[in-house]
Ligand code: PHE
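Quick heads-up: it's one chain on its own, the form predicted on its own, in structure tokens.
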Amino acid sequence: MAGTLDQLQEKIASAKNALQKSASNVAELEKQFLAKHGTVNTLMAELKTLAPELRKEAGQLLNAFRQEVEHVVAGAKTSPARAGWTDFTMPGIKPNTDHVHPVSQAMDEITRIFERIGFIRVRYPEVDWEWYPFDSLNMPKDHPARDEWETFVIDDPFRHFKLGKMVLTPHTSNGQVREMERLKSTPPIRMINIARCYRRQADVTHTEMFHQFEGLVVDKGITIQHLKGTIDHFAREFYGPKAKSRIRPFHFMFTEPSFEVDFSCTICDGTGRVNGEKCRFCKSGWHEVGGAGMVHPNVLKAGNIDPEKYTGFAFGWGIERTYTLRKGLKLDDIRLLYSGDMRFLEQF
């Protein structure tokens, strides 16, 4: 008597139910379902009992069932737990994880470099009263020196009677007097402050939001030699023993004397040219990373420290601009760091 397609489907359903309830031992699975007289071959033999016009559809159902059985058997072979035993000496499977953003990696490395020579990592507000990033740093209200910072001002009608308006800090130097206050105006001070800064600038070497690290040292007998020695130490630690640095006379209201700090450009190897054309990043062979200088006496006074007894130096450098000079990085547009392009970020 010829079988029907419904009868075959019922048998396949029953076999699938048995497969789900069967032991996970590989040998038992193969014997019960894939052996010569196993369930799969037994059902295949019933194809000849079907009418010719039903055999194509029935064959597709049986092939799908065979593939399901083979998948279960393959899983049992690769899973010791399903096979009835576990090898606890095997190493675990490491899960896929993300990695730290390159700027965060640079921040951690910079922190370690300065911690090894006695600096203490601190962090001060990124939204602050204007007194700290300006007035306390020898830049009184309406002074033209404030213009160069292109500062974002918070749209808030409230003004502190002494501290002024709220601003997005254009530099980490707002932490200088705050650190003096924290230590109750009692040197020695050896601070490294890392935070976000904001300025209305955007090109291949600037972004509206960036990170700075601010160094401040105040004690008796601090001189420019201590400042230059610190700069040279950082250059060798961060860029390698052959790194070159230089300081150029400049003017900042909160340091006297003041300097711009340059490092030799690693994109053009200090030549100022790449493939016969002017280096797009440095244009001169040197790359300016930030300012430095001896702390102005008025800044020490704002922190209630006697400038007749103590001197100090300070520096503030952009982390992104400093990082782009790493040997082999060849990054000629700082904005790529914040592009969100995973093809770029996954390289770090």
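Residue indices: 1-based, along the sequence shown. Quick caveat: nothing in here was measured; it's all calculated off a predicted structure.
Beyond what is shown, the protein has a form predicted in complex with the named molecule; the following relates to that form.
The closest non-hydrogen atom of G303 lies beyond 4.5 Å of the named molecule in the model of the complex. In the model of the complex, the named molecule lies farther than 4.5 Å from every heavy atom of H211. Within this chain, G312 is remote from the site of the named molecule in the model of the complex, having no heavy atom within 4.5 Å.
The closest non-hydrogen atom of R199 lies within 4.5 Å of the named molecule in the model of the complex. For the residues N193, T255, T169, S136, the 4.5 Å heavy atom test against the named molecule in the model of the complex is passed only by T255. Shown without its partner, this chain lists L29, A292, C282, I319 as candidates; in the model of the complex, only A292 has a non-hydrogen atom within 4.5 angstroms of the named molecule. Residues of just one listed stretch (217-225, 265-273, 105-113, 173-181) have heavy atoms within 4.5 Å of the named molecule in the model of the complex: 173-181.
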